[in-house]
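As a starting point, one isolated chain is supplied in structure tokens, in the form predicted on its own.
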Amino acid sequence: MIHAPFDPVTLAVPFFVLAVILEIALARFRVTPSNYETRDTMASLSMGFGSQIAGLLTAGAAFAATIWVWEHRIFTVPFTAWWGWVAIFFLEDLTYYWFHRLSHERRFWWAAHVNHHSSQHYNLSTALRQTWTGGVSGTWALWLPLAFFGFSPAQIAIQKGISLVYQFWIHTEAIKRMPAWFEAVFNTPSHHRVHHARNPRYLDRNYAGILIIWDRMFGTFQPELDEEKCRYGIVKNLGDFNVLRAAFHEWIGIGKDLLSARSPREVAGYLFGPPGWSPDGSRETSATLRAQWEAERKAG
């Protein structure tokens, strides 16, 4: 099957809207600790709308590539087979983990993802702060192996939609902890608060989509600690609510660095090194920030 019979994200949009309104109301009456700021919320909503428009510009290429790969598949997974849905649930979620990790650990893809982390607040509207340049960065290619192994474009699209819908509800401070068994297996608000935090202890951790088991397996898991409150945003916060700046500031930074590059090594480093990479090591990366924090903690 090429075209998906339904889109989980489209079906969930009314729920997204109602959930944001409810969280705002509960926060206003201090029923929950959720923190909303009007300008920040409007920026998140604007970026969510813009991501839908921007996505249309590259959706055709991604869809055509997926169809081409699927037509050259080595197996065929029946769309109606229950085991196929179980398999793609795990395989797509594993793909998302590596996509998400790549989008944090390599600057070129971080430039497309950073806007999602640019808010200094953490609430359901933050989930809507999506990329404008993800399609251009080509990360959609990471899902092509699923088509090669026989999962149809429709099945891949549905499972990706399910993952995106799941991840909406974990962008909240209203839920402190889920039951222990749930926290052990699934991504939760607690785990994802860590992911959005800029504390050195929490940087570049918890890349999970639906299942937190991948972070536990690959050494990137960090629990939220009651003694260390999450501070949200990016290492160097933008300080304003300009959506164009949020969407493109890192790309502009890359362009400026490339103009100053003096060798192919520096070009590669500025493009594909970790965010903050510099030839002389004078800039801060997640690794150096964490090392400084570790040294200070041991010294103290």
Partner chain sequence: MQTAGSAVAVGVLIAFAAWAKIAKPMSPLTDARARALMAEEFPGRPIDALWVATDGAGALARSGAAALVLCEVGDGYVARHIPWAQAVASSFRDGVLRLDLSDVAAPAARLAFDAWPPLGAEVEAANTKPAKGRKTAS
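Positions refer to the first chain, counted from 1. Values in this document were obtained by computation on a predicted structure and should not be read as measured data.
Beyond what is shown, the protein has a form predicted together with its partner chain; the following relates to that form.
Taking the partner from elsewhere, no residue among 146, 157 and 163 has a non-hydrogen atom within 4.5 angstroms of its partner chain in the predicted bound form. Within 4.5 Å of some heavy atom of its partner chain in the predicted bound form lies at least one heavy atom of residue 239. For residue 53, a non-hydrogen atom is located within 4.5 Å of its partner chain in the predicted bound form, even though that partner is not displayed. Using a 4.5 angstroms threshold between heavy atoms, residue 287 stays clear of its partner chain in the predicted bound form. With a 4.5 Å cutoff on heavy atoms, residue 41 counts as touching its partner chain in the predicted bound form. Between 271 to 279, 258 to 266, 59 to 67, 42 to 50, the stretch whose residues reach within 4.5 angstroms of its partner chain in the predicted bound form through a non-hydrogen atom is 42 to 50. Along 144 to 180, not one residue places a heavy atom within 4.5 Å of its partner chain in the predicted bound form.
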